[in-house]
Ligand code: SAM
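Given next, in structure tokens, is a single chain: the form predicted on its own.
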């Protein structure tokens, strides 16, 4: 379970240079934030930051934005950045529902969704990050040839995510129901904290890559 209550976490985040504090003001001008026209890729629900920090380290010519809702979790990512700063990565503390207020049309090259909250109750389906409601939001900010990569250990959430594609007008490019035994899709795979934990327990990891 994610840590949500660390005293002073919001104050520490507010003082961090690694966090964009008024992201709405940069809509359509993220290249100016990074000082380059490199592609911009975002992770929604970055957790403690292991995944996106490794991507940023391995791909210095690509710019990354990590988005996290919970202050105490984002704080862990900030602490990692303080220990190992990266010039091509910034963080935002925000709810994913506000994504279209932060990025302009076609401004994002790729979106990563990793081990998202499954919101298991049916009445909360619209809150699931691979839902058709969120796919519509992603459609607004992704380039025409942009893709979404989604990983989870939750079979029910993965089935739901697949069922949402056709109604939302998205197409399945690649998928696996056992990522760590799929040589092609494991190529260049970067693990998250949750992925390492769940796969070590023998749980299969589900993944898809989708486009419009």
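Residue numbers count along the first chain shown, from 1. Since this is a predicted model, take the numbers as computed values, not measurements.
The form predicted in complex with ligand SAM is left out here; the points below concern that form.
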*Decide whether residue 16 counts as a contact residue for ligand SAM in the predicted complex under a heavy atom distance cut-off of 4.5 Å.*
no
*is_contact(residue 103, ligand SAM) in the predicted complex, heavy atom dist at most 4.5 Å*: no
*Would residue 114 count as a contact of ligand SAM in the predicted complex, using a 4.5 angstroms cut-off between non-hydrogen atoms?*
yes
*So in the predicted complex, does residue 86 come within 4.5 Å of ligand SAM, heavy atom to heavy atom?*
no
*With the partner left out here, if you bring back ligand SAM in the predicted complex, are 30, 39 and 142 all within 4.5 Å of it by some heavy atom?*
no
*Heavy atom contact within 4.5 Å of ligand SAM in the predicted complex, the stretch among 42-50, 168-176, 56-64, 155-163*: 42-50
*Go through 108, 75, 96, 81 and name the one with a heavy atom inside 4.5 Å of ligand SAM in the predicted complex.*
96
*Contact set, 53-76 vs ligand SAM in the predicted complex - heavy atom within 4.5 angstroms*: 67, 68, 69, 70, 73
